[in-house]
Ligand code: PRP
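A lone chain, given as structure tokens: the form predicted alone.
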Amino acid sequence: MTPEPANRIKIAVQKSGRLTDHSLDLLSRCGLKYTKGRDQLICFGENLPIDVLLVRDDDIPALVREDVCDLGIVGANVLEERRLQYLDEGDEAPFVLVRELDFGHCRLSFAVPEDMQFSGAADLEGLRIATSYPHIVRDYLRREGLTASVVEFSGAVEIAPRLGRADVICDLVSSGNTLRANHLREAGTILSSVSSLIQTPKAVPAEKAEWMERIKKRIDGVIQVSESKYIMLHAPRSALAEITRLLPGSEAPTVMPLEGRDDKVAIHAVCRENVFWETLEELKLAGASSMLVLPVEKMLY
């Protein structure tokens, strides 16, 4: 039976930007098949009671806070900016952070003109700082005991010094190419950001709550799979303890006898950390042979 519209889960995702493709791919890997509406702003789930709303990233915390959406995928930079804003307004729990995801890594950093002398945070005293994250910057200045002017910019923050609107900037940095193109250099990070899954703080109907838990477990499974490998190998029985120790991030491996060999066993294990060439070389030195490393498609605990 298809759930009533009121019981369908709504997930807010950035409509265009660095998190969009990763977010939609994550939901697809959780088993969601969807079609886009004519306005291209809603993806209707065909096989699960889930709809995806494609919105501006800085609107996602408010949509989740106000229970318009049940879940949201948003960068920690946006999340922290809105959290501090709501805290100033007296709302201490506007949304629930479910978990950090494994994409959208970047950092919020100060950047100064290339020819400017800058040795540390104390040099911000009395300067004008252009940023799209005024609450984060003011919170940082307050914690550091500094006095500076925060100039709010909604976009193209990197051109503020050239326009004479600011002395330095505080903006998201990934590769640093945009800074260099505008004759700026990174001078200090105040926030490391990654994509995050958030949830409404409000109570939801039991049927919806059950599906929300299922989708969160599927997301956990996808994240674990991306970091996991399945390894199979042969090993001397005498080296079993050492080889088990070397398997990265593994629980107790599966150990099976080899036909016609009393001195050797087959070992299968899921390693929840990357298996590097160095790991395989260490396993070989410990006596392992016939090693095979495979990707894991799905995982559920």
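All values reported here derive from a predicted model rather than from experimental measurement. Start at 1 and count along the sequence shown; that's the residue number.
In what follows, reference is made to the form predicted together with this ligand, a form of this protein that is not presented.
Handout entry: Partner proximity in the predicted bound form: residue 192 to this ligand, non-hydrogen atom cutoff 4.5 Å
Key = Answer no; every heavy atom of residue 192 is more than 4.5 Å from this ligand in the predicted bound form.
Problem - Contact label in the predicted bound form: residue 113 to this ligand, heavy atom within 4.5 Å - result: Answer no; every heavy atom of residue 113 is more than 4.5 Å from this ligand in the predicted bound form.
Exercise for the section: Evaluate residue 70 for contact with this ligand in the predicted bound form, applying a 4.5 angstroms cut-off between non-hydrogen atoms, and reply yes or no. Expected result: Heavy-atom contact with this ligand at 4.5 Å: absent for residue 70.
Problem - 4.5 Å heavy atom contact, residue 149 and this ligand in the predicted bound form - result: Because no heavy atom of residue 149 falls inside 4.5 Å of this ligand in the predicted bound form, the answer is no.
Exercise for the section: Determine which one of 169-177, 87-95, 199-207, 118-126 lies within 4.5 Å of this ligand in the predicted bound form, judging by heavy atom distances; exactly one does. Expected result: Looking at the other structure, the answer is 169-177.
Practice task
Let me know the one among 80, 144, 158, 100 whose heavy atoms come within 4.5 Å of this ligand in the predicted bound form, would you?
Solution key: Exactly one listed residue reaches within 4.5 Å, namely 158.
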